[in-house]
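Consider the single chain below, provided in structure tokens and representing the form predicted alone.
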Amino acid sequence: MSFEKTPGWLDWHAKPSKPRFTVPPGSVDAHCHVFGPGAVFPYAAGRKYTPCDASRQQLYALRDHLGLARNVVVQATCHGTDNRAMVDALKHADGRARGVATVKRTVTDHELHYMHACGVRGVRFNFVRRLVDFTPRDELLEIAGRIAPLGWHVVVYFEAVDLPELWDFFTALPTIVVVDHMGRPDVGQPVDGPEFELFVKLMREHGNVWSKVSCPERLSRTGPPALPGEVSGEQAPYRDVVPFARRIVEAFPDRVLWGTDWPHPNLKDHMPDDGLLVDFIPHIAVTTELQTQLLVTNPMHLYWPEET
């Protein structure tokens, strides 16, 4: 079975640089994906895009290249609620990967317990309209109630302009809520402007809300530096995103996660060098203590609590 990739979208970076920043031992890439391969794990019929294949073997090779120790593999929208590719990646990770699934209300208890045994620890609710069709909120609340006894959490993906209408739903969820990519703020606005202040307020007032300080390549207007070596001072990678991510890391150090988002679906302008994404970290977590919390302590607490 073959699939034609969505025209204009870039493949993942073939030769990522070796990061200059050395991550703490045991660091976790807490947001990444596997796609297919389509011949083995077909893409969903109703998908909004068709990516390039990106296998578990390639993901784990990148992990080792970047000096990371573990992965959290998040179910991709192009696979819909067919979690087989993600679960397969967990089963071949020797305990070094956990997963986040996408499910419907028709999922059985047996299926949930099987995924838990394989390493799944959360479900993802996507509210980005260009990527998914609308799912009734009563269905999502039902799913959240069913996964809560397993100790799972809910991951939410949305855009900043939609936070006001989603606020009541997010604050009603009975689990930890992990926000993808800081709620995709507009980094052209002030870091203390009303849009980002609303997101900070959500985290301040609700201690069960966490945030991934990931995907600067999706948020940036300035883009990366021209060369991998230009990663200091004003030439920090994706420097216009730094104030937003640093604010969240410093305000909520025990509720932040970081991930590569490999293999970076839906990008047309540039494909990020994953080595530079690692070199982004010391600009947003500026002390050894903050770096260890972001990369080791927090993801281990959420995904491998039995080891902490």
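Note that residue numbering follows the sequence shown and begins at 1. Because the structure is a prediction, the values reported are computed rather than measured.
Separately, the form predicted together with a small molecule exists; it is not shown, and the next lines address it.
Asker: Since exactly one of His31, Arg239, Arg63, Arg56 fits, which has a heavy atom within 4.5 Å of the small molecule in the model of the complex?
Answerer: Comparing distances to the small molecule in the model of the complex, the residue within 4.5 Å is His31.
Asker: Which of Ser211, Ser220, Asn83, Thr77 has a heavy atom within 4.5 Å of the small molecule in the model of the complex?
Answerer: Contact residue from the list: Thr77.
Asker: Given that the partner is absent here, state which listed stretch (259-267, 278-286, 36-44, 22-30) has heavy atoms within 4.5 Å of the small molecule in the model of the complex.
Answerer: One stretch meets the cut-off, namely 259-267.
Asker: My question is simply whether Phe252 lines the interface with the small molecule in the model of the complex - judged by any non-hydrogen atom within 4.5 Å.
Answerer: Output for Phe252 is no: heavy atoms all beyond 4.5 Å of the small molecule.
Asker: Does the small molecule come within 4.5 Å of any heavy atom of Arg130 in the model of the complex?
Answerer: Yes, Arg130 is a contact residue.
Asker: Just checking whether Tyr157 would be counted as a contact of the small molecule in the model of the complex - the rule being heavy atoms within 4.5 angstroms.
Answerer: Because a heavy atom of Tyr157 falls inside 4.5 Å of the small molecule in the model of the complex, the answer is yes.
Asker: Is there a heavy atom of His181 lying 4.5 Å or less from a heavy atom of the small molecule in the model of the complex?
Answerer: The answer is yes: His181 has a heavy atom within 4.5 Å of the small molecule.
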